[in-house]
Ligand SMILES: Cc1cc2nc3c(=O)[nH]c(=O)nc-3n(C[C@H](O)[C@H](O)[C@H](O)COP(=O)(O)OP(=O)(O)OC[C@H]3O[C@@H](n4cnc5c(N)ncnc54)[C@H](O)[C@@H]3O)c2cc1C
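This document opens with one chain alone, in structure tokens, the form predicted alone.
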Amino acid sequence: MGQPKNVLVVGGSAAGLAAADGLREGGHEGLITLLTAEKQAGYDRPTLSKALLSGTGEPEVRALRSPQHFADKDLRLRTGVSAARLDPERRVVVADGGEEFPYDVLVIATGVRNRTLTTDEGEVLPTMRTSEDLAVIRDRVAASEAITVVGAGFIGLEVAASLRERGKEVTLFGAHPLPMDHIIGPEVAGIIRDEHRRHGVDLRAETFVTGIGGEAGGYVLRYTDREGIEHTHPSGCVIAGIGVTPNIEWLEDSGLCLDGGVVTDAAGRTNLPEVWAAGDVAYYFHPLYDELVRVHHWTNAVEQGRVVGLNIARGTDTAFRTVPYFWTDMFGRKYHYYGRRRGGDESVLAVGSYADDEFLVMFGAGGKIHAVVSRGCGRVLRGYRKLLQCGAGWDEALAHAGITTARAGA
């Protein structure tokens, strides 16, 4: 089969843009159209919950591609267009306004959206994902000194830290004893918890919000503690950070295999002819782990989108096998995470000590290294990433760190 004439990319953020660039990089000369439900071209999302929230000046959301880039690459971008239905037999995507977009090849990169909390009065409380969310939250925060964040996951922790840096009183509710300990391990999770508390965040672990009443400036949260005792908590502003859900409703009844995301093979190809997926919305087979995985992080979306674009342009089935990665900034500390920690993994401090500004922890079991998390340590991270990428054994990882098996407790 020759190159497709018309590639339609639904989703104009990191994965969609990377797929479009990958198509051009791979030699695709035909039409490329990108649809995005947002009112603007893709922009740098990771800064929203970090510098752009903690800063007090007017936020400047950085576009991922310049207008000149779209012109130079001949990428046709349609903003404010939401996909409503996929008709694979006719090879058409129908937008919510009824407009139809035909394709020879379709790339699905619609990402995820935040789960929401609704008050007793029916108000959907703000979350942090888009530039519009940022504007809403900054307005709410400016009008209130006492802010409450529900959810002590990745975004909740970042939002809490950024608002504390702005001098706000911040209460953070989390359901688990330690924030994100299932991902970064209990040692580092404990450090992050303590860092938040040391900087003045009222982090209330093992709490469960059961309802929220009131309105902006005068909310009252109802929650239970780990003993099941009910409490109330007043707050002028409430922000939800309780996870995400994939944007796949428009694909129902299309025949596409869906399972909490769009199921694909390692190359990004779905079960439907000429339909591919990339980024947060993809539930893809990862050769390193020999199973389907979901990775909801920025770098993954960029790298996977490019691979999908190259595969389409070149007619290849190159597997996307990059080790998952994310980073975060909290209170001036930068944390990096590579791989996937598993339940039951042992942890070994490979660099520094937990009292240092910089340290690195390895996770592994069954003779394999599975993940690393570090604070700082930028100079040595590349070596550990290579170990993870090649599926190195635990002994090899220990040797790389200069650790004897006796010291590691193996």
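We number the residues from 1 along the sequence you see. Everything numeric in this text was worked out from a predicted model, so none of it was measured.
Keep in mind that the form predicted together with the ligand is not shown, yet the notes after this line are about it.
K.L.:
Could you tell me which one of Leu203, Leu86, Leu256, Met128 places a heavy atom within 4.5 Å of the ligand in the model of the complex?
P.N.:
For this set of options, the contacting one is Met128.
K.L.:
Name the residue from Trp298, Tyr283, Tyr289, Tyr223 that puts a heavy atom within 4.5 Å of the ligand in the model of the complex.
P.N.:
Among Trp298, Tyr283, Tyr289, Tyr223, a heavy atom within 4.5 Å of the ligand in the model of the complex occurs only for Trp298.
K.L.:
Taking the ligand as it sits in the model of the complex, is Glu38 in contact with it (heavy atom to heavy atom, 4.5 Å or less)?
P.N.:
Yes - in the model of the complex, heavy atoms of Glu38 and the ligand come within 4.5 Å of each other.
K.L.:
Evaluate Thr110 for contact with the ligand in the model of the complex, applying a 4.5 angstroms cut-off between non-hydrogen atoms, and reply yes or no.
P.N.:
Result yes; Thr110 sits at the interface with the ligand in the model of the complex.
K.L.:
Given that the partner is absent here, does Phe326 sit within 4.5 Å of the ligand in the model of the complex, heavy atoms only?
P.N.:
Answer yes; at least one heavy atom of Phe326 falls within 4.5 Å of the ligand in the model of the complex.
K.L.:
Answer with yes or no whether Ala19 is in contact with the ligand in the model of the complex, where contact means some heavy atom within 4.5 Å.
P.N.:
It does not: once the ligand is placed as it appears in the model of the complex, Ala19 has no heavy atom within 4.5 Å of it.
K.L.:
So which of 367-375, 41-49, 23-31, 350-358 is the stretch with heavy atoms within 4.5 Å of the ligand in the model of the complex?
P.N.:
Single hit among the candidates: 41-49.
K.L.:
Note that the ligand is not shown here; using its position in the model of the complex, name the residues of 244-277 with a heavy atom within 4.5 Å of it, in sequence order.
P.N.:
Contacts from 244-277: Asn247, Trp250.
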